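In the block that follows, a single chain appears as structure tokens, in the form predicted on its own.
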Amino acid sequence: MAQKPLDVLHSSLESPVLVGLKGGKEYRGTLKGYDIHMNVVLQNADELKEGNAVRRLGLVIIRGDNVVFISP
């Protein structure tokens, strides 16, 4: 049976994910939480540029309307 997007997010809790945003920014970190608006909370997050860590940020909250993709 096909999974719904929030089911995939739920199964990815406490796992590393890659989050792509409008404007091309990407963040990698451990998914700690989310809501129905696709707002996400990442722990131990890094900002990426061209696949390489640019900046270590720690705890990050990303507003859902900026999210283009979340990859488990």
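Quick note: we count residues from 1 along the sequence shown, nothing fancier. All figures in this text were calculated on a predicted structure; none of them were measured in a lab.
Missing here is the form predicted in complex with a further copy of the same chain; even so, the following discussion is about that form.
Practice task
Using heavy atoms only and a 4.5 Å cut-off, decide whether all three of 33, 64 and 67 touch a further copy of the same chain in the model of the complex.
Solution key: Looking in the model of the complex, the three residues 33, 64 and 67 all sit within 4.5 Å of a further copy of the same chain (heavy atoms).
Exercise for the section: State yes or no: in the model of the complex, is some non-hydrogen atom of residue 44 no more than 4.5 angstroms from a non-hydrogen atom of a further copy of the same chain? Expected result: Although a further copy of the same chain is absent here, residue 44 would stay clear of it in the model of the complex, with no heavy atoms inside 4.5 Å.
Handout entry: Interface membership of residue 53, a further copy of the same chain in the model of the complex, 4.5 Å heavy atom rule
Key = Heavy-atom contact with a further copy of the same chain at 4.5 Å: absent for residue 53.
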